[in-house]
Structures are given as C-alpha cells and as structure tokens.
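Below you'll find only one chain, the form predicted on its own, shown as structure tokens.
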Amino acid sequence: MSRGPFVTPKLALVMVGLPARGKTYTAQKLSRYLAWLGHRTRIFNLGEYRRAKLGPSAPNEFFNPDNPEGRRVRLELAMAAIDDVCAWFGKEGDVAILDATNSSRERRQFVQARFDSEGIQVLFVEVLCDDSEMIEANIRQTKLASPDYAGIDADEAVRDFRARIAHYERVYEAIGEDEASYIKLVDVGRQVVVNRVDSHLGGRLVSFLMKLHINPRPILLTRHGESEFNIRALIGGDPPLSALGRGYGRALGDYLREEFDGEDSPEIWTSALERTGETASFFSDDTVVLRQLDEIDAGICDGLSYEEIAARMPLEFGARARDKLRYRYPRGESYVDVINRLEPVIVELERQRRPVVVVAHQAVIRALYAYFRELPREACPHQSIPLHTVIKLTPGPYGCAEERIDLIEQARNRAN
C-alpha cells in the first residue's frame, strides 16, 4: 500500500474490557473496516494463544488473580502475542489489534512501554458495558459457541464463564485520563469518550466506532434493472431501463412489499443515475439519492464496449486486465477510488438500524459486498454480481449471513 501523509505507518489498537462486553466484536469490526480501506490489518487474540498452548478449554480458576501459575502463564501468553505483533510490523503490518482484557493499569503500562520501544503508536479501545441484559445475551449467544465450552452443558458453561468474569472484575481498572490515548465505548456506542486522539486515522476510527450497534437488520444490495446500454454491452453512460429492466423493477417492488409487509419499511438508497432511480421507483418515490453510489467513472472509455476498448486502446485494456483493482480509466476512476468514495456510505450503513436497500451499479455493489463479506481488496473487482438479483446480507456479531434471490427466475417459476 502506498503511504500518504495521513497514514499511520504502525498503529497498535489495544483492546481493553471485561469478558462478554463486546471486545472481540468491536475488534472484528475495526479489522474489517481497516482492511477494506487498504490498511494491512491483523487481529492477535489472546484467547487463541491460550487455546493453542493449553487446549480448547480452561477452567475459571485459571483466571483467578490469586492463582500464581495462572498469572504466570497469562503473562507469558501476552508477551508471546506482543512479540508476534512486533514481528508482524517488521514484515508487513500497518495496524495490529491486540484482543485481550488488558484489565489492569500495570498490564497496560507494560504493553505501552514495549510498543513505545518499537516505535509503534498505541491507541487503547476500552469497551464498557453495565447493561445486564446485554451482557447476558452476549454470554449465551456468543460465548457458549466458543471453543472454550465445546461439549459442555450450557448451564454449566454459563456458571463457569460468570465465575471467570468475577475473577476479572476483582482486578479490573478502567483507563484513566492520565494513562494514554484511548477511545471508550459505553454500552455498544451509547456513549463514546475520546482522550488524546490526534492522528488522522485515529479520528476516522472514532467516527466509525460512534456508529456501531448490534441491532440485527438486513441490508439488501442490487444492481439496477437491465438498461439500454446493458443490451448493447456498453459501459457507463446514463441510459434508461430496457423493457426487461422495468420488469425487474416491478418484481423488486413486489418482493420488497412482501418481504417487509407489516414491518418497518426499508430505506431505499440509489445512485444519481437514471437507471437506479427508475428501478427503485416501482417500490417507492421516497429514496435517498447518493452520488457516492454512482458507477465507476470510465473516463474516456465511457459509452464504449470492452471489445471496442481492446481494439482502440490495447495498452489500456491490458493494464486493466493485469490489475483490475488499481487500474484507473484515463480521466476516470479505479476500484480503489470507488472504495475510498464509498467510505461514508459504509459508515452510514453501520449506523442504520432500519433495513436498507441499496440500488446501485456493479462496481459499487462489488465494493460494498466485499466489505460486508470481509473479502480481500484484490477480490473485490472479481465478485459475481448478476443483474436482477437481490443480495440479502444480515450482519451479526461474528459474521454476515447471505442470501441471493433471482427475482426474474422467481417470477418465471410463479408464472408456471
């Protein structure tokens, strides 16, 4: 990745917080966001180090602060993870996320001193939660699925995990203003407290974290219906829909009315181009028009077919084939440019608590899809995003469920 003046070369995001408060969920969200933006990012989860050394389960007594052997092993594992972070930065890393409780001032000072000695900037991310219902839900929905409790009775697992939390609560010290640069998240975004965060990337992370929540809701992605340019295999332009494209718009409207019957009506987001607005109009005229959702700018190639580009501009055609992610059309855009302009859209999608339907274009849908599916940047331009298909994504604490619905085929089956 080329480094501009606003990129932090080495940044360690150090998670802080009691178990079952959402640290790992937050760490994974941060990792996905940063990797999508092009920062080489990796999570170093201390629980994985423990399981690799001790096996898939550890009794709660291992976490007792009065257990000297447990304290020794936990420190040894933390040092191993920190060593790996430093080694990874030496090879390729931009941002490392140290996912551990880091529950005492002493431990955080140790982490800070070690990273300072390596020239690594540190930003602590503390996740606080006093909502008993939220903690209970987190224990039952996520922690019971952890490898720590594989094959263990659910009630026994809950008892053991609560005992583990109690051990950590005995020694937990919240970060003080005098300690470090930090971002505190209270009750999954209900409140965000920022202290001494003055870097460009840190500011972007603050903005992103302020939008996070755990409310489940679907995000539906779809290309516009077939356009007159699609029929002629031409790229770009601002053509109207074809007859088949209008048929898709009607099918999409029917699908959305059925899908959200009796529920909160979804927000509809479209690009500023005619074919997306026309597609969405069969469901609603009340749409949010975002120019960030416009198709990739093909520059001087706008209105041509790929066969014409190959014949007239073979060097450009070859350059695009070699690096589709970074290739920029003359006087136009690259996929990297599209990703960068979509950042505020991603942040807004994370904020939304209602369902959202995005009606846009192939390159744009590819970029949004790659974000939610946590795909490598290089894979973004090669995703299959067919016409007349709804991609229904449902983000969850540890992943994103996907369903694809071919509405034209569905309509044909109903007709038969």
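Given the structure is predicted, the values throughout are model-derived calculations rather than measurements. Just count from 1 along the sequence shown to find any residue number.
Another form exists, predicted together with 6-O-phosphono-beta-D-fructofuranose; not displayed. Remarks below refer to it.
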Can you tell me whether N45 touches 6-O-phosphono-beta-D-fructofuranose? I mean in the model of the complex, with a 4.5 angstroms heavy atom cut-off. no
Verify the contact flag for A363: yes if a non-hydrogen atom of it lies within 4.5 Å of a non-hydrogen atom of 6-O-phosphono-beta-D-fructofuranose in the model of the complex, no if not. yes
Within a 4.5 Å heavy atom cut-off, is R108 in contact with 6-O-phosphono-beta-D-fructofuranose in the model of the complex? no
Is there any non-hydrogen atom of I235 lying within 4.5 Å of 6-O-phosphono-beta-D-fructofuranose in the model of the complex? yes
Looking at A157, L290, I296, I135, which is the one with a non-hydrogen atom within 4.5 Å of 6-O-phosphono-beta-D-fructofuranose in the model of the complex? I296
Residue (of Y306, F260, Y172, W88) lying close to 6-O-phosphono-beta-D-fructofuranose in the model of the complex, criterion heavy atoms within 4.5 Å: Y306
Sort through 210-218, 317-325, 91-99, 159-167 and report the only stretch with a non-hydrogen atom within 4.5 Å of 6-O-phosphono-beta-D-fructofuranose in the model of the complex. 317-325
Decide if the three candidate residues N230, R275 and Y335 all line 6-O-phosphono-beta-D-fructofuranose in the model of the complex, where lining means a heavy atom within 4.5 Å. yes
